[in-house]
Each structure stands twice: as structure tokens, then as C-alpha cells.
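In C-alpha cells, the next block holds one chain alone, the form predicted on its own.
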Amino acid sequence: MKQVCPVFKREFLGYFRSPVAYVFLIGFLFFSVALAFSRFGGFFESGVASLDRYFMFFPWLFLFLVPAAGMRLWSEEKRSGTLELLFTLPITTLDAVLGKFLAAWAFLSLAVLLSFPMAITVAYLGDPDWGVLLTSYLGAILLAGGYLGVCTLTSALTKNQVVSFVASVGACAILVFLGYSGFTDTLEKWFPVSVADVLANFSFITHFEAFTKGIIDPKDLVFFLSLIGFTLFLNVVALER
């Protein structure tokens, strides 16, 4: 575990050695703000000093942006042949997996936190509930971690970044739509309501919405942390097989 920090530092700083990271950050902020102010978001029309119209699009934005950030984590190492070189160093597979994941998670968390001007704007326009804003940011960071866990796993299974991206989007889409009201209604036509409810509990949306309402429910924390832990465990298994 002592080698997690060097791997983290190498990976995190590596993001900023290419213009791709800056394009990602600008793109994320542009699309997230544009959606909030669009007619779909209705930021001003809501007449409420909150960021719920801003965070409501995060599960859909992350569906594409997180796989774009995470698809290269292991697939690029495999394609370039540096994976074998990496494991000749005195580090364990778990060290490498944790270091890479935490670096990517920190990068995504930075993207989320850079939206702080939106919170300042809301404070200027009204009197927001800062507790709700803070829990919303916490939920967004955990949401990013959940998506990223899935993406690191798919990246470890292939050396093709495009395949990793498509597989990540597909897997994450399932975990999003399980909590989408229209999809849940369809499931209730095919399965008993209790089964549909159980499936909905595996959705990102179900567990993220509580944070945007200012609620920190232990079961939501357990969901995201368990998902991250489980996917990282499978990531280690996939690399050691």
C-alpha cells in the first residue's frame, strides 16, 4: 500500500501533461452549465435558489464523460506494452489499481468542484440551503466514483480504448435506466412491483437523488462505496488472471 501515493501522483499529474485534460474540464463545465440554463433545465424558470436543476443532468453527463476519462486507464497500458513494465516495479496489483483509480477520481472530483461559480451565482440571486449544496457536491463526487469503478473494470478487460468506452457506456447506461421512471414503469409490467423496486435500487439515479435533496442516507453511501470496492476487486482479478 506504500506505493499507492507514487502511482497516484504519476497518474494525476499525467492528466495535465496533455491538452486533453483541459479540453475535458472545459467541455464538462460547458455542457453541465448549458444544460442547466437550457429550456430542459429551466434554471431561472424554477424561481428557486438551488442547484437541483444543475445536478439533475449529472447522471446523463457522466454516462459519456466518465467513460471518456477512464477508458485509457488500463487499455492504453496494454496497447503500448507498458503494463508488463509497470508490474516489474516493486508495487502490487492492488497498489496500481488503487493509485490509478484515486488519481482518476481526484481528476473527476476537480471537474465537479470547478463548478463552484454556479453555487456563487445561486448565492448572489437568492438564499440557498448550503447544506443541500454540499450534499449535492458530495453525491456528485460519489456518483463519479461509481461510474469510474465500472470504467476501470472494462478498461482492464481490453487493450482497445474504443471497446472500453462502448462497454463502459453500456454497463453504466443499465445502472442509470434501472432508476429511470419510464423504464421502471415498463419493468413493473413485466415483473412484480417488488422485483422492479429491487432492480431500481441498483440504479445510480435512485441513490444520487437523495443527495440532491440534502439527505445523506447510509444505504446510498453503502451503495456507492460497495460498487467502487467490488469493481476494484474485479479489476485486480482481471489484471492478475
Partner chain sequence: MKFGTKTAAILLLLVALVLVDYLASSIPARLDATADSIYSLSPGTKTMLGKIEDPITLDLYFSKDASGLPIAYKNYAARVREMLRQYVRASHGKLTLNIINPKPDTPAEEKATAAGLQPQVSRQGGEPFYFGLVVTQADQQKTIPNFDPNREQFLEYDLSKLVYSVQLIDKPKLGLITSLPLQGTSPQEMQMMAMMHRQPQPGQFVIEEWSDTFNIVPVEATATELPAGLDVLAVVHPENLTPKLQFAIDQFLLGGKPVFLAVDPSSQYFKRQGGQQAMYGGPQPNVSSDLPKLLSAYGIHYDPTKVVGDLEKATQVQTANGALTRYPIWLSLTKDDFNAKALPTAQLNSAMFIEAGSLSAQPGSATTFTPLVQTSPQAGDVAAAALQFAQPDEIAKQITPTGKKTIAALVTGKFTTAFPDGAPKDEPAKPGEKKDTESADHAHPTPALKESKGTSTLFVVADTDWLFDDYSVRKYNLFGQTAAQPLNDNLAFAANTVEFLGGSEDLISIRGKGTSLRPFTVVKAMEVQAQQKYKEKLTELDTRLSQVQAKLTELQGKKNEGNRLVATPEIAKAIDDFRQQQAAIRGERRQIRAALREGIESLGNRLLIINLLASPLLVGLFGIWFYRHRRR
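Positions refer to the first chain, counted from 1. Because the structure is a prediction, the values reported are computed rather than measured.
Missing here is the form predicted together with the partner chain; even so, the following discussion is about that form.
Undergrad: Within a 4.5 Å heavy atom cut-off, is Pro128 in contact with the partner chain in the predicted bound form?
TA: Yes, Pro128 lies within 4.5 Å of the partner chain in the predicted bound form.
Undergrad: Tell me, yes or no, whether Ile216 is in contact with the partner chain in the predicted bound form, where a contact means a heavy atom of each within 4.5 Å.
TA: Residue-level check for Ile216: yes, a contact with the partner chain.
Undergrad: With the partner left out here, check for me: in the predicted bound form, does some heavy atom of Gly41 sit within 4.5 Å of the partner chain?
TA: Result no; Gly41 lies far from the partner chain in the predicted bound form.
Undergrad: Look up in the predicted bound form whether Thr121 has a non-hydrogen atom within 4.5 angstroms of the partner chain, and give yes or no.
TA: Flag for Thr121 set to yes.
Undergrad: From the list Leu61, Ala68, Ala49, Ala173, which entry has a heavy atom within 4.5 Å of the partner chain in the predicted bound form?
TA: If I apply the 4.5 Å criterion carefully, the residue I get is Ala49.
Undergrad: Sequence order please: the residues of 16-46 with a heavy atom within 4.5 Å of the partner chain in the predicted bound form.
TA: Going through 16-46 in order - heavy atoms within 4.5 Å of the partner chain in the predicted bound form - the hits are Phe16, Arg17, Tyr22, Leu25, Ile26, Leu29, Phe30, Val33, Ala34, Phe37, Phe43, Phe44.
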